[in-house]
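One chain comes next, on its own, written out as structure tokens in the form predicted alone.
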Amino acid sequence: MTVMSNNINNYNLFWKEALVRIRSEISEQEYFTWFNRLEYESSKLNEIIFSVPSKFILDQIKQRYLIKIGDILNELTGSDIKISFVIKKQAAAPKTTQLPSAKEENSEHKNSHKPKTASHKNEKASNSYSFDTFVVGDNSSFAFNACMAIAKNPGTTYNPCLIYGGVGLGKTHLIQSINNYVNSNIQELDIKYVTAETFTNEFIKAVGDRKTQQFKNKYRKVDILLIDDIHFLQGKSSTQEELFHTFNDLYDSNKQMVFTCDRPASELKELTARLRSRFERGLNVDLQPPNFETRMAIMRKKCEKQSYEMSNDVLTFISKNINTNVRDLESSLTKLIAYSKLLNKKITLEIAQEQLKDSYSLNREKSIAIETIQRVVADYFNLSYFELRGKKRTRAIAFPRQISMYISRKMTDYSTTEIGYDFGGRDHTTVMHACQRIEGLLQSDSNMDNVIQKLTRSINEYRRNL
């Protein structure tokens, strides 16, 4: 039965009835964990504004319950209700910080593919990139296998595909490997690789020259479209509009699309909601910084490619001290090999330490400060930096503090004792317990992994802007 209200702009009664339904459909723990933190703030015609205490709670409620809330309110009111949120610190502390598990959604789209007879060799992609030269590690195996599957059967699955990650982690290598594989093995397909910047510049020129139809034909008649660095499109509304229609045209025709970005599409600012939803429609995979073992494998692969033999202790030294990305690893190795060949000297550990001291010293200087982590996490949970470092142990503070300790352990070289000292002089066992708890949540709840990844990217961005 639909709840009736005397004031069409006051949906408070509808919300109370919605809460009754929601409470009957989820566990008590879920209800008190999340809906005790969601407050009816105000409303106007066909819109309800809720307040939440932090960005963290906002993200969790959107991911877990936004569709359910919208469906119930639409049914109760008989209208299409817009749901908005504001962040407003609430006085009441949450009754629990335990995160309930959530089911993962399979976002793969399976489409049929009909190849064309026309062939278009892409001149912009570098021929040096291939799947054979990509070193696969735990940080990249998912993205690598997805790209291989796309290259072998374009348009049949994982469409569209968005590969995201930081600088120098292999996004361009993978997307150009798709291009080169298709050009070598499926030559009847029309494939186009382009950076987002080039796409934008070509569109601007087409508009100026009044050749927009020619531009549309170029991109809407391909079988495979690969666009690198879509974060460049932020704030460029006209180009976004053109790509939106290009996307729809290709998607409706079962044509393969692959994009790369330095972050998830959901975190792109100044991007239209409908284009963002297109990027998120298919498979989204991330690339993480390589671990030590992968860095060693990359170094050995690069030495083999350049027919240069490097001692194991030198490779170990590089891999331990250059831990940012693959690009920095390659740069360090190239410098040592050039030094060796130009001066006709064998690279020893002492020479490597001397030649790369600026590189790894800079790397250490750029390492994340615990204070940076604390400030970013505190902001995300709508707390103060001093609350995280303080003595209070309320549940509203304890959980963000544990996340801060966990990220500090993962992103820095500080020991648990040193981290505990920066959190108000806490014992190292407190830090160990915090890390174990977050590790447990990561195993049981996919949303927890999203939180950690989002905070990690925010911390890196905060550092770059310092």
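Residue numbers run from 1 along the displayed sequence. Every value quoted in this text rests on a predicted model; they were computed, and no experiment measured them.
Another form, the form predicted together with adenosine-5'-diphosphate (ADP), is not on view; read the next lines as being about it.
Contact annotation for residue 326: at least one heavy atom lies within 4.5 Å of adenosine-5'-diphosphate (ADP) in the predicted complex.
When adenosine-5'-diphosphate (ADP) is considered in the predicted complex, residue 171 lines it closely, a heavy atom lying within 4.5 Å. Interface membership of residue 167, defined by any non-hydrogen atom within 4.5 Å of adenosine-5'-diphosphate (ADP) in the predicted complex, is confirmed. adenosine-5'-diphosphate (ADP) is not shown here, but in the predicted complex it comes within 4.5 Å of a heavy atom of residue 330. Every residue in the set 129, 135 and 302 has a non-hydrogen atom no more than 4.5 Å from adenosine-5'-diphosphate (ADP) in the predicted complex. Here the chain stands alone, but in the predicted complex its contact with adenosine-5'-diphosphate (ADP), taken as any heavy atom within 4.5 Å, falls in 294-302 among 213-221, 294-302, 312-320, 386-394.
Looking at 377-397, no residue comes within 4.5 Å of adenosine-5'-diphosphate (ADP) in the predicted complex, counting any heavy atom.
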